[in-house]
Ligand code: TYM
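Quick setup: one chain, the form predicted alone, written in structure tokens, and binding and motion questions come after.
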């Protein structure tokens, strides 16, 4: 059965886009594959987070994924820095990664533009650490978004290169995991364009309180309203209807669609309904998140159990890597 590895960002606060995009499929995936989910706190160091924020963010992410339904009894859920073998494999893979190919990656070029005063080596070698995350568990499948496809292709390159250089078949060549037949809804942001994202400031977090959700939704971008019967909805309005589709009852969606087609729609009414439906959808998850965060004993147990399971896999792989490379002890 193929092994699946997926990294989880460590900047805190899942939003509706994450939930309907990947998390629902992660929950399904854990029932059918040996699955590793890790919180990528080492990756986040490229942006130099404040130490207290790093700890709080990792705890928040762990609580949120557990609250959404990731089951530590079915999947291996761990924190990246709890598995030092990843860092060692990252070092070893760096010896066979070349400056030119790393400088050409889209993610590196983007980060150079976004943070010109913090172009550190970690940003340059980010794809190497990602490769180590994946191949240390000999993963066959990796769920990735469009923005990570190039980095996965580089992980495939590094795995092939290692196998070729040392004339072994140690690492499987990981493939992107495609959620065939699954609902992969692209959740739009509240700013009227693009997808929902925390960094874009257009997201509704699963942990947002009801009053926060109401304020965010009421500020969502709209236009002046339809001027012709049955006219096509512009993107800013279709975005609201997309949100309505995923959180509201079909009759509610049909009602507002009818109002729009008849040029009688009141966006204030639509937003109020949308806000309440989002609150109804997210409240059980938010309450579970709050329970998880308050239960330090349980979070500690999950992290410890996940680290032990992940290290068992990582130690075995790294032992093979060292032997292949020729790193042997003299004592």
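Remember, it's a predicted structure, so these values are computed and weren't measured experimentally. Positions refer to the first chain, counted from 1. Take the two forms, superpose them, and find the largest set of C-alpha atoms that agree within 1.5 Å; that set is the rigid core.
A second form of this protein, the form predicted together with this ligand, is not displayed here; the remarks below concern that form.
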{"property": "Residue contact check: residue 307 to this ligand in the predicted complex, 4.5 Å heavy atom", "result": "no"}
{"property": "Heavy atom of residue 33 within 4.5 Å of this ligand in the predicted complex", "result": "no"}
{"property": "4.5 Å heavy atom contact, residue 134 and this ligand in the predicted complex", "result": "yes"}
{"property": "Residue 207: touches this ligand in the predicted complex, heavy atom cutoff 4.5 angstroms", "result": "no"}
{"property": "Residue among 236, 247, 154, 187 with a heavy atom within 4.5 Å of this ligand in the predicted complex", "result": "187"}
{"property": "Heavy atom within 4.5 Å of this ligand in the predicted complex - residue from 220, 93, 75, 142", "result": "142"}
{"property": "Among 40-48, 293-301, 279-287, 262-270, the region lying within 4.5 Å of this ligand in the predicted complex by heavy atom distance", "result": "40-48"}
{"property": "Contact set, 62-86 vs this ligand in the predicted complex - heavy atom within 4.5 angstroms", "result": "none"}
{"property": "Per-residue C-alpha change between the shown form and the other one, residue 246, threshold 2 Å, rigid core fit", "result": "yes"}
{"property": "Core-aligned C-alpha movement of residue 22 between the shown form and the other one, 2 Å or more", "result": "yes"}
